[in-house]
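One protein chain, two forms: both are listed below as structure tokens, the first as structure 1 and the second as structure 2.
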Structure 1
């Protein structure tokens, strides 16, 4: 109780301390006060004082009522197309879960690849990569994968309590969790953070669409995906040689499901059209958010989703509120010149580095700072712009720096069990200890970092100059 109170005093102390400190030369008082409140809001989450929603509400209220930011600027995030895409995507993803289409796809993959732990892991990882572009919430995707991983593990006799028997389940759980990190790096539309990051990168002059993203990510992400089940098997051996009964079990369950239901058909066709629209959006000058709006409308019209399903999505409203606010505040930090000021400070410490060294330093620093963050999006909002700016000023080619940081924003999520909200359900399954989660998280993140730096760098330079 006292510990909680003390923790809750931290963000206020930070806000007041910075607010009333002398404004550094080169910054307006407005920018400095915004920085004080923004840092306090982020730190409130880092130290576990208040959740993001609480911090965001207090922050936006304080900033507008104190006259630091105009209401129109403070509220602009709510009308931002990327923020709206995240919100609508959360709602649309419910159709895949509810209709049973997600489960069917997973079972189909297991029935074909599930003859050994490695095969099972590949089936999970490939399923994830295949459904990811139509699933712009990796948390929702985790919600589809988890019951499959759990039933496959239990079906093979692996239970959390059993010291040896738990290993297969633990292996599959970690593979699935790390897979979400990679599939999110693979597709622009596979996680809520990506469109946000792209929006920030626009300010540095790099336009990234669905097509240019998949072109740049394909080689490093697919290599990392291909490597993942083997790497985790080496770090955490599953302890079982073969699971010959899994494909049959999946086939049996598929048989029970019967042919595609009406709702599955409608969901499948709607998503196919939406994904086609997203892929061709640049070419046909279609607004991606409006494609999602229309998709949601069609699913509601067809009764695949109902108003009752939406009524259960209060969590999405909470996400909408804090995301829109922090997004607008982060944008204002940039507008008011704070980002470039902070960038210059960071740059002064890194001065004289050649651009390749600077690039590597920034990416490595960006990945390890994630130990401090409990949300990928909050790190993207707080730091992506600054790091990108420092790299670009130091001579790193803009697309390389942008993609380097954007991909890292996805693959760094397994570095801690709470490094991404999609981890929670897998980490809480009981198959792995906290120590194992941190150890596996570190080594797997190091491997991802190596692949994206060593293979990703030349590939991105080749395709995106």
Structure 2
């Protein structure tokens, strides 16, 4: 009890200490106080003081009641399209499971790759890498992967509430979540943040197209993709060894299931149309969140999903609440100038270093400052240009600095469960605790960072330097 109380005192101590510290020159008191509360909220999760939902609710209440930020700004995340897309994708995934289509998909995957958890993980990671160039939204891509991972996990008997049985599901969930970060780094068109970063890089004289991106990213990204299932298996063992009999058993059960049922057909067609809409969203000028809402409406109209089914998804509401709050607070930190201030101050202290040391330091700082961001795009807009300019002025080859920061803008998203909206649907599955998500996120991000620095640096210098 005493240890718990001490842990719970830590975030309040941090908040009070920063709040009443002198406001640095160049920052407003409003930005400084918001930073104090935001850091305390994240710290409370890192030290195990409070769950993320509790920390987020206390944080937003404190900030609004103290007059630090206006209610309209504090609650703006509840109307954010990316936040809504996560919630709707989670609900649509339940239809894939309930209809039986998820079981059929999982049996199909097990019949081909189910000889081991590694086989299943590689099938998920490689599927994501293959479909990524057609998806300009990694959140939408997560909506495609999640029901497959959920079905495979449940089909193997892995349930979130089982302390040991959940491990296979947790292993596959994190592999899928991390693979989205890597496939976004692999392909220029895999996430909306990449083209934004490319436009910022143009101002420094770097022209990057689809071909030059894939040439520079291919070696480090593919190596990281290849090592991901093995690394996560070491950090979070799935608890299941080789299962050579599983593929034959899955084929037999598929035969017993017979043809697709009415609900499976409706779900399959609706889901296929949603995926096609997400793929063609840019071309047809469609809003990806509206596509998800329409798909959910069709499933409700066809009674594949019911209001009772939605009412049972308590975790979805909790996820929506904390994600919307943190998304809004992170955005306010950016709008109030704190992020650009921090980036400029950090960068200013690095002048005078040799360019290799400067390059590594900038990339490392750029990755770890993502602890303060909920949106990849907001960090790209706030800091990529600042860090790129400091690196170029310090003598770092322009293409190397640009690619180093651009790739990091994708793979750093897994460092926290809220580090990218695509993470949330997997984090909300219940298979992994918040502490496990932060621990795995840190170590996997360190591994990605090592690969892109040690392998990616000489490769980019060779092909683009």
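Residue numbers count along the first chain shown, from 1. Just so we're on the same page, rigid core means the largest C-alpha set that superposes within 1.5 Å between forms. These numbers were taken from a predicted model, which means no experiment stands behind them.
Assignment of forms: the chain in structure 1 is the form predicted in complex with a further copy of the same chain, the chain in structure 2 is not. Annotation: Cα of residue 92 displaced by at least 2 Å between structures 1 and 2, core superposition. With a cut-off of 2 Å and the rigid core superposed, residue 446 has a Cα displacement that falls short of the cut-off between structures 1 and 2. When the rigid core is held fixed, the Cα atom of residue 271 travels 2 angstroms or more between structures 1 and 2. Core superposition gives residue 112 a CA displacement of 3.3 Å between structures 1 and 2. Superposing the two forms on their core, we find that the Cα atom of residue 297 is displaced by 22.4 Å between structures 1 and 2.
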